[in-house]
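Quick setup: one chain, the form predicted alone, written in structure tokens, and binding and motion questions come after.
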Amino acid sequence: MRFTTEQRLNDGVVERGFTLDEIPGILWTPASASPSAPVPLILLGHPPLGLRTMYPRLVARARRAAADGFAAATIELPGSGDRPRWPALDQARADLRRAMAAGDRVDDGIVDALILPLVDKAVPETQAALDALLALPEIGGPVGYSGGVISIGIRLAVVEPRIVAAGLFAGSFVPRAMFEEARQVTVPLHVLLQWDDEGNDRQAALDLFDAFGSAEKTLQATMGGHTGVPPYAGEGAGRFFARHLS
């Protein structure tokens, strides 16, 4: 891991840009973090729109985490932002946009082509980033995962034992194969669902929640569209992580 930028935000949070094997990322640490007082870590997931596009939302989530005494970090997804283009993924995105614009059903083939290769590549990269982050003296466990492409969160919750809790954003573009993986998830879950999400099949999201194997799982549903998540929904997620990471 090589740090490339550093700045202190006005609330004392330290923001550092980094690269890991040419993958860009950002780490935010609260002012309290130090080698003598390492802090827990929350991995921030995000949709494949690029870190620059997602930065305002990511930094807001990181500041909430820091207020609770947690570090937060994220990395650029494959084929997004400043990373090299991924032609197969670009084609799958184009097929998805075409189907949605035409009002057609998004079939399983499009969903599989869009999501499964992304999960297969992004999860090992996230685990490598976690290795590097936990090697920093000011970062300790436990680790949580928050948001992002829900299928990536599912896979990480299954294969990464250092993640002890996950807060996920419900979405319907989930390959059928991921439902079986969801049954293997056992960590505590807090799932946010926008009831009127224009791009989300509500029943599919509810079916996925039902499939999760976790003994502790909470579904927080609020009225509104995809971008209308109310502030108090983030507060509920914050209390969830405070309970499991503190």
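One-based numbering along the sequence shown. Quantities reported herein were computed from a predicted structural model and do not represent experimental measurements.
We do not show the form predicted together with a further copy of the same chain, though everything after this point is about it.
For the candidate set Leu49, Ala60, Ala177, Leu206, a heavy atom within 4.5 Å of a further copy of the same chain in the predicted bound form is found for exactly one residue, namely Leu206.
The partner is absent here, but in the predicted bound form a heavy atom of Gln220, alone among Ser32, Gln184, Thr53, Gln220, sits within 4.5 Å of a further copy of the same chain. When a further copy of the same chain is considered in the predicted bound form, Ala215 lines it closely, a heavy atom lying within 4.5 Å. The shortest heavy atom separation between Asp210 and a further copy of the same chain in the predicted bound form is within 4.5 Å. Only one segment in the set 22 to 30, 64 to 72, 195 to 203, 36 to 44 has any non-hydrogen atom within 4.5 angstroms of a further copy of the same chain in the predicted bound form, and it is 195 to 203.
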